[in-house]
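Laid out below as structure tokens are two forms of one and the same protein chain, each shown alone and named structure 1 and structure 2.
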Structure 1
Amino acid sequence: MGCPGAGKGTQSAKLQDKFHLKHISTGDVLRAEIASGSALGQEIAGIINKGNLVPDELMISILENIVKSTDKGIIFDGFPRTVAQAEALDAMMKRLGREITEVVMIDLPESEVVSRITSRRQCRKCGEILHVTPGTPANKCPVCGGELYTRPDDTAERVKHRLEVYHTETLPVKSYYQNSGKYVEIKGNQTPEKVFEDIVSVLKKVK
């Protein structure tokens, strides 16, 4: 968990490699559906482009199909974002004979959020996400040479709205999990390497 730009995707990818887990990024799942051009994808695009959250029933249905397809341990990245989603996730996992073992919150001061997100670029060709230095031209991906672009939800206007949504709908999830005894908070304003080290220390204690 964490606010937009906290580094959830970066850390999830690292954890997937280290512990051989299945990384489920709701953002990637939704973007893939949008890219498919399906009716569902078009519906999702309309919701996301307004800076709003995808309805709970729809998100749970999409995720349940993915969870059913693997017997690996799972990292949920970007989900749940509301208390209702957290409750639905618990119910879904119970139906599938699984459970949430740990909830990691990457805590990042909002002063860093906007600069992090607005400097983010994604490659149209390989999907690589990277950060550019403000004022520095960055048009080509250093990985494959593809065109870099700013995703619609990474503009300054969208970031402001996403933070408003985060405070009103997502932050209450923190209280929900704090009461579960599975919640831990990691400082996000450290180097990615130190954040990763702290998360690994926490997960190694999970029995």
Structure 2
Amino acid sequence: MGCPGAGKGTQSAKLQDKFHLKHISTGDVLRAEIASGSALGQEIAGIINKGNLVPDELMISILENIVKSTDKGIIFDGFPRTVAQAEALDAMMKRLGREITEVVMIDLPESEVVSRITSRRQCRKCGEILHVTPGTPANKCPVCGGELYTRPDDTAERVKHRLEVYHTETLPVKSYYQNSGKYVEIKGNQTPEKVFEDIVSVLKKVK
């Protein structure tokens, strides 16, 4: 968990590599549906580009199909984002004989969110996420040479709205998990390496 720009995608990719997990980023899944050009994708684009959340029922059904397709341990990135999703995830895990072992919140001060998000670029080819210095052109991915792009929902105006949505819809999920004994908070305003080290140190159950 974490607000927009907290580093969920970056840290999930690192965790996937280290622990051979299946990384499910619901944002990436939705962006892939948009890229496919389907009618559903067009509908989703309208929602995401405004900075709103995709309806719970749709998210849950998309997610269940992916979860069923793997036996690996899973890292959920950007899900659940509402209490209804958290409840549906619990029910799904129970049905599938699985268990949520840890809930990691990457806590980033809001004063850092807008600058982080507006400097964010992502590679269309390999999905690498990086941050550019404002005013510096950066067109090519340093990892694979693919084209870098700015997500349409990463403008300053959209980020402010996404933060409002985060407060009203997603922060209640924190309280939902806080009483479960599985919830841990990590400071997000550190280097990605230090954030990763801190996360690994609390993931006792996957080690």
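Worth saying up front: this structure is predicted, and the values here are computed from it rather than measured. The term rigid core refers to the most C-alpha atoms you can superpose between the two forms while keeping them within 1.5 Å. Here, residue number means position along structure 1's sequence, counting from 1.
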Which number goes with the form predicted alone?
1
Tell me, please, whether between the two structures the C-alpha of residue 143 is shifted by 2 Å or more, with the rigid core used for superposition.
yes
